[in-house]
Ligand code: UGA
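In the form predicted alone, a lone chain appears below as structure tokens.
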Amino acid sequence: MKVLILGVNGFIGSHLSHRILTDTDWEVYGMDLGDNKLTGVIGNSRFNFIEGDISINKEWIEYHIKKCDVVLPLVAIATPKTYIEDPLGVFELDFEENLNIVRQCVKYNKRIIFPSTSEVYGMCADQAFEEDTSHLILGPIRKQRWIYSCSKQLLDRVIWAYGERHGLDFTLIRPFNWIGPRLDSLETAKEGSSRVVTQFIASLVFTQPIVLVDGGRQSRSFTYIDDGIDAVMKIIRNENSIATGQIFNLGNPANNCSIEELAHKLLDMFKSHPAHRLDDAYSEIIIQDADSFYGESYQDIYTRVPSIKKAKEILGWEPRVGLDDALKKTLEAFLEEVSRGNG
């Protein structure tokens, strides 16, 4: 099997490439802006990498869509601060550029596995979000935070329509707060533009305040990357076409916790780490309102718990790594990077 991964140097792309090359005889063709997360796969004879931009290297992409069996377009802007600061950039990359890739998969009759997002559920009031029945509820237009969710949701609908009307072989996956090594860059986090776990770890490393936006009342269901990749591998294999035409929540409802609880867990783990248990000072936890932290265009999602009934029943998948283990593994990986001078 030949697998095309666009955004191969990202968090999911780098882990998926390593798993494919370790567990199968498949070939991986990947594009990204850099290769700093691909140390373990660069040089493998079955890994083919080009440094490029999906908005520029369109001929290479089209050629490889024709060449490969499965396409995973993982390129997206997925940080809330950017939704506010550059909403048009989010739309242009996350929707327009990916729409071109979807249309080429239709043209060349190729299977696509598209990363939707847990954010499409928005402010859904269900206790656990279900892929085929939960309502997708977004906020007002002036709250530009929703442009990411809206872009992803519209692509979900376009892909579904291509499946029904043109026979596109697709699966939509909705990752719920995946965490693990190589999640983000700590340097990027210093600028306040990373996902929450990376942001908190960066604050700990640089002894800056851990900011709880609106008190950290929000809750998230954190999922360890290895568990998520287990599910994606089953979807790529697609034995007996079980995943074709399906949407799957890929998350760990057992790992649901508040952002405030997350901050205290990470702080305690950092304080007890051998390299930091004797530090002179540690980050303090402070509270800041969302308008002053993000700007008036922000609106938060307070609950985000997946139902994973479909993934269990159809894929035979369920997550195994508990919250504390997932956080410890993630923190340890970042601290190892810092000790090597790569933070």
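These figures come from a predicted structure and were not determined experimentally. In this text, residue numbers run from 1 along the sequence as written.
Keep in mind that the form predicted in complex with the named molecule is missing from the display, and what follows is about it.
Checklist entry - Might K37 be said to contact the named molecule in the model of the complex, defining contact as any heavy atom within 4.5 Å? => result Contact with the named molecule, no.
Checklist entry - E119: heavy atom within 4.5 Å of the named molecule in the model of the complex? => result Yes, E119 is a contact residue.
Item to check | is_contact(Y148, the named molecule) in the model of the complex, heavy atom dist at most 4.5 Å | outcome: Yes - in the model of the complex, heavy atoms of Y148 and the named molecule come within 4.5 Å of each other.
Checklist entry - Do Y83 and the named molecule come within 4.5 Å of each other in the model of the complex, heavy atoms counted? => result Judged by the heavy-atom cut-off of 4.5 Å, Y83 is in contact with the named molecule in the model of the complex.
Checklist entry - Ok, P87, G180, P175, P253: which has a heavy atom sitting within 4.5 Å of the named molecule in the model of the complex? => result In short, P175.
Checklist entry - Which residue, Q104, Q199, Q153, Q144, has a heavy atom that falls within 4.5 Å of the named molecule in the model of the complex? => result Spelling it out, the residue with a heavy atom inside the cut-off is Q199.
Checklist entry - Counting only non-hydrogen atoms, which stretch in 313 to 321, 295 to 303, 57 to 65, 43 to 51 is within 4.5 Å of the named molecule in the model of the complex? => result That would be stretch 295 to 303.
Item to check | K2, I5 and L74 all contacting the named molecule in the model of the complex, non-hydrogen atom within 4.5 Å | outcome: No, the candidate spot makes no contact with the named molecule.
Checklist entry - So which residues in 213 to 229, when you check the named molecule in the model of the complex, have a heavy atom no farther than 4.5 Å from it? => result In sequence order, V213, Q218, R220 come within 4.5 Å of the partner.
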